[in-house]
Ligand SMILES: NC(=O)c1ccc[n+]([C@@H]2O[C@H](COP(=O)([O-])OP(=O)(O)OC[C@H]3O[C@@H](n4cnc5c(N)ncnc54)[C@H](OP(=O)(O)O)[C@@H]3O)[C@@H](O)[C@H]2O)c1
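There is one chain below, alone, in structure tokens, taken in the form predicted on its own.
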Amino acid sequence: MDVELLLKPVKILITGAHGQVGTALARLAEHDDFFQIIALDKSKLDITDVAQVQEQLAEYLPDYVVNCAAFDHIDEAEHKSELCYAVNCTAVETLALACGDLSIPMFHLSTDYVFDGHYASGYAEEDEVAPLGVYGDSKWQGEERLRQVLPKHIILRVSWLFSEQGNNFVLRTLESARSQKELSAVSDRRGCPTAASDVARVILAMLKQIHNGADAWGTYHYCGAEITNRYDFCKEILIAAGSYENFEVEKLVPISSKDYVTEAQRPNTSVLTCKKLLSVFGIRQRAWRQELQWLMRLIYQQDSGR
């Protein structure tokens, strides 16, 4: 085999590059000589535009496409269902068909929202899906379209994402704590918080093994280690951030999900079991508490640099 070919970086095209995972993935891969990254946000690649998708993939000819683009506004999806399905379902098929035409494998991010949350013990990849709302159903339909048209794919379902950007629970909690004396958080919804940077680590590890010959296509779950609930997660966020900032909040109140009304119904259990990922790829979960501490350092370092 040609030595130059062996040394050539693996070219990855990331869609949704300004989202939580897209940003973390590009940042992490930039420091790994194994990869060459093409990071495209919506302004450079709108995955709902068929012609644009075909043109960009033909121009860049990546070794892999990692689809991090999504409509992920859970409540908004209930009254913007057409847009939600266009991005999370139809566009996934568009990407998959374009990848198939050029023999490019595709990695695709999905969500715990494909389940209804009734399994208290958590969900394995083969468990029956039962999405509760438009967002979850659109993601499930997107998964199915991908499975039907592109055999060489990886679907990675993740849960309770958090990072230094975007609309996530950590940042919403910090913002509320700066202006409110009392906060409430649901105590009967269980899940495993997952750092976007940790998901990026997992994707790159999977890519390396796939590129080196692992025939392990299919659906996998990943989330941070240790089950918690929204109330306890909120407490941990305030404790971690309290080392850097004095907040207005004086009281945190646990409430029932029945008392927290939202447009879209949420699963009560968002726990994903990750045994398959460990068995096939040897990738272990990382503790989300440690990831949260790292995130706080990043957030407050950024703030101090402004």
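All residue numbers refer to positions in the sequence shown, first residue = 1. The model shown is predicted, which means the values in this text are computed figures rather than measured ones.
Beyond the structure shown, there is the form predicted in complex with this ligand, which is absent from this document and is the topic of what follows.
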Seminar exercise, completed: Heavy atom within 4.5 Å of this ligand in the model of the complex, from candidates 45, 249, 38, 274, belongs to 45
For this session: Consider the chain as shown here, without its partner, and state which of 229, 197, 141, 159 has a heavy atom within 4.5 Å of this ligand in the model of the complex.
Result: 159
Exercise. Are 77, 90 and 137 jointly within 4.5 Å of this ligand in the model of the complex, each by at least one heavy atom?
Worked result: no
Exercise. Residues in which of 98 to 106, 143 to 151, 67 to 75, 179 to 187 have heavy atoms within 4.5 Å of this ligand in the model of the complex?
Worked result: 67 to 75
For this session: Would you please decide whether residue 286 lies within 4.5 angstroms of this ligand in the model of the complex, comparing each non-hydrogen atom pair?
Result: no
Exercise. Should residue 12 be classed as touching this ligand in the model of the complex when contacts are defined as heavy atoms within 4.5 Å?
Worked result: no
Exercise. Is there a non-hydrogen atom of residue 94 within 4.5 angstroms of a non-hydrogen atom of this ligand in the model of the complex?
Worked result: no
Exercise. With a 4.5 Å heavy atom cut-off, would you call residue 173 a contact of this ligand in the model of the complex?
Worked result: no
For this session: Just give me the residues of 100 to 127, first to last, that have a heavy atom within 4.5 Å of this ligand in the model of the complex.
Result: 109, 110, 111, 112
